[in-house]
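Encoded as structure tokens, the following chain is the form predicted on its own, with no partner shown.
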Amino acid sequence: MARKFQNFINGKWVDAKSGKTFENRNPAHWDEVIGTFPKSGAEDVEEAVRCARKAFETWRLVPAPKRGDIMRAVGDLMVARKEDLAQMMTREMGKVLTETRGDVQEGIDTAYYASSEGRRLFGHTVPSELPNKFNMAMRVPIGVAGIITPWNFPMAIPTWKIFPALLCGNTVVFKPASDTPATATALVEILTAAGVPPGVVNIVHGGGGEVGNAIVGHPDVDLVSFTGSTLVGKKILEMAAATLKRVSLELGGKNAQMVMPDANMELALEGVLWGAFGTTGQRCTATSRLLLHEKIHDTLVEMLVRRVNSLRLGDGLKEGVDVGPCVNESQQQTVQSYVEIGIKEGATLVAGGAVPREPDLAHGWFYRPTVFTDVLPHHRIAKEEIFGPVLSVLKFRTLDEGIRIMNDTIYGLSSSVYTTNINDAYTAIRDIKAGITYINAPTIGAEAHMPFGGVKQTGNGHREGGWAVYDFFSEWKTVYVDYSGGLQRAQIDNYES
């Protein structure tokens, strides 16, 4: 019998007030029910926010190094449970076990980084323009943070948001994706076991329309951090404007890998295979476009098609599997629709482009890794985020032309250039409009101690990861101490002759 899961509010596991539930299933074996979860609504969010607001008054007073100690304990518990967490994640969303282990490790790294930031929430002291006066700026907690996360990195991305939020002294109301609620529940269990007090972290399961909107629109939620589609991100920003709450948006991407004729071809091939088909292409940083210089285009396409056709699809828990399923039927259908669009636009389908028919894949939402050539920059498959195992190959003649094609999209998350020419590398670093640029590495992959995020319609300017995310989850407070014993007037012309 499938396990029954619950919301976690004020330190207690509770059902949705409506009593409604939804099922969570394995995308590789859709007949396998992992568990049932509360189908929550605004009334559940209301209770969670109320408890988080109350808990904030005590949590904000816990010294930051002590909050860091809890983050360290969280990391230790994640290490102990790493394999179980990875296997659960593979069952929930399908990516292969080596990838889900990496997902958990990213959370571990983020926990240990957060623990050290408890002693590095630096402020500034600066000279005053007036005598016998002390000036400083310090970081303070903000309040209740609404955390809304996607299904493709169900451990790493919540830790990117929740750990800095807690370390800075905020409390959390967490809505995970409905496709991966079990991994999110495990994270909350670990936070509780590590010593996070009741009410400081609350999880409310359910749909975006009911739970997500209720979080964003709640007047007692002070800031919202969201990762997901650009369309939904824009709606969140509009809703949040009503209360002027702080919002961090990490949205879509249409990332490109460019290969120059002097590049190491084998290295570039390995990079695009990993970038395009890792996580079944279901990453905001996935390599969706491959830009090939005309001199090496045909050679690399031939190498690519041969390797793509040898990729093994299957259950991510099995040894030797390279590519897992799409997360659900809807995502599989989206991929198929874009393949049909690519064909109608005149691109040439050279690999994949179909739902596999093998019996052992029939009960999951699999799709063959797909490659199009003869793609033009204006084609929809070169412009729109597909979020699946579909790669569009475009040809260019010069570095400048390649960079223009790379920048010709509303997104600007990740980018990659393969070259051994240092001048070309630094020109690309300067001119590519993206928040992340890799040289001789694929577009995917993030390190916990570095800022993560993009430009243009990939987000609204904030960054996750590294030191930058702590600025989002804390507020600057300026303090003046005048010990002159008399009235000193700043912003008055004190330079009168």
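Numbers for residues come from their place in the sequence shown, where the first is 1. In this text the structure is predicted, and so the values were computed from the model without any measurement.
Below, we turn to the form predicted in complex with a small molecule, even though it does not appear here.
When contacts are judged by a 4.5 Å heavy atom cut-off, Gly207 counts as touching the small molecule in the model of the complex. Residue contact check for Trp365: none of its heavy atoms lie within 4.5 Å of the small molecule in the model of the complex. Among residues of the shown chain, Gly252 is one whose heavy atoms approach the small molecule to within 4.5 Å in the model of the complex.
At the 4.5 Å threshold, heavy atoms of Leu413 reach the small molecule in the model of the complex. Contact annotation: of the candidates Val172, Met406, Ala114, Ile157, the single residue with a non-hydrogen atom within 4.5 angstroms of the small molecule in the model of the complex is Ile157. Though the small molecule is absent from this view, in the model of the complex it lies within 4.5 Å of a heavy atom of just one residue from Phe452, Phe472, Phe37, Phe56, which is Phe452.
Just one listed stretch, out of 220-228, 306-314, 123-131, 137-145, contacts the small molecule in the model of the complex at the 4.5 Å heavy atom level, and that stretch is 220-228. The three marked residues, Val104, Thr110 and Thr185, fail to reach the small molecule in the model of the complex, with no heavy atom of any inside 4.5 Å.
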